[in-house]
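Starting off, we have a lone chain in the form predicted on its own, written out as structure tokens.
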């Protein structure tokens, strides 16, 4: 597939993924989507009790396993109560920014789905300050009895904005953290279908990253891989964020104690070999990604973190560059195919 066609495919994946609901702990709706974009390049797939979804692409020797992990969940809301007037009160699932919520469309996943809008009292707007999350509610248009017949505390609420394709292959929508990572892994698996690689590749769509990287910990324990690479997003420059990665300048390779230095250097060298532009992110503390769980699960796994620049993280207009997503996938494929059966390129002992 020539580059423009590949970019169009990436944009299509982003649009499809953004439209689906997969709030932490409720990722099952993405099963068919993952089968379409990952499963066609793999020989086996399975799910576990946590919500992780595994796909296997066998290598020529199968001497070792390479784990590629991208979380499938998104931030959202959860019903806490229905007040006397039928308005639904809620709490956040994951790092929800209350400033982005007023006047947004949502879907309430109750006994039957309901479309709603997030509302607040006009007096709150006149105060001139961000409305606290505890002062917000969802209006679905029904009275209390009808709402209670359709939903109950503990039901999930997902956001429902429209996906937008901007200029220069830039895309905006909800849940691109981390549907962009899922798209990058789709590019990687597609690339690997035309390349020989020694190691078995286990692609895992991890569950519940937004609430504590839970799926990654159990996935790494199950996989027992020789190498793990987490694929996520990172902050990109925006009007109010200057010291960050740049949109459209390629994937971001993280450096820090959460990431194995030899594997990090290997990823950088592969990017140079393949003439893939990349950026560097310094991570002096445990990263807020699956990498922190992959590194420490079981006896530990040498781990790298490759991120896609993203603007307006944890809002409903998360914005990414499709070329960055494509290049991230190409870098992952190059890294997998560059490793010999004996992993001679790497000596993980410190």
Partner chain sequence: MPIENERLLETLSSLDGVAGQEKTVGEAIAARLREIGLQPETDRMGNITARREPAAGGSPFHALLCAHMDEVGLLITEITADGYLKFSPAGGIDNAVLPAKWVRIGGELPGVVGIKAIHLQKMDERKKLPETDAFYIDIGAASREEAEKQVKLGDMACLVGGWHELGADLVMGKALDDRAGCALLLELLAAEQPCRLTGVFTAQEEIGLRGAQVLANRIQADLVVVLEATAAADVLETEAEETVTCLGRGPVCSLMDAGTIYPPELIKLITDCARTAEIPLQYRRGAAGANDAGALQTAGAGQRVITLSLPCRYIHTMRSVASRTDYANWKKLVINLLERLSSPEESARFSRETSGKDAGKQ
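Residue numbers count along the first chain shown, from 1. Keep in mind that this is a model prediction, so the values were computed, not measured.
There is another form of this protein, the form predicted together with the partner chain, and it is not shown here; the text below is about that form.
Residue contact check for residue 102: one or more of its heavy atoms lie within 4.5 Å of the partner chain in the predicted complex. The partner chain is not shown here, but in the predicted complex it comes within 4.5 Å of a heavy atom of residue 237. Although the partner is absent here, residue 296 is not a contact residue: none of its heavy atoms lies within 4.5 angstroms of the partner chain in the predicted complex. The partner chain in the predicted complex comes within 4.5 Å of no heavy atom belonging to residue 193. With the partner left out here, the partner chain still marks one of 179-187, 163-171, 263-271, 193-201 in the predicted complex; by a 4.5 Å heavy atom cut-off that stretch is 163-171. Although the partner chain is not shown here, in the predicted complex the stretch 104-119 places heavy atoms of 104, 105, 115, 116, 117, 119 within 4.5 Å of it, in sequence order.
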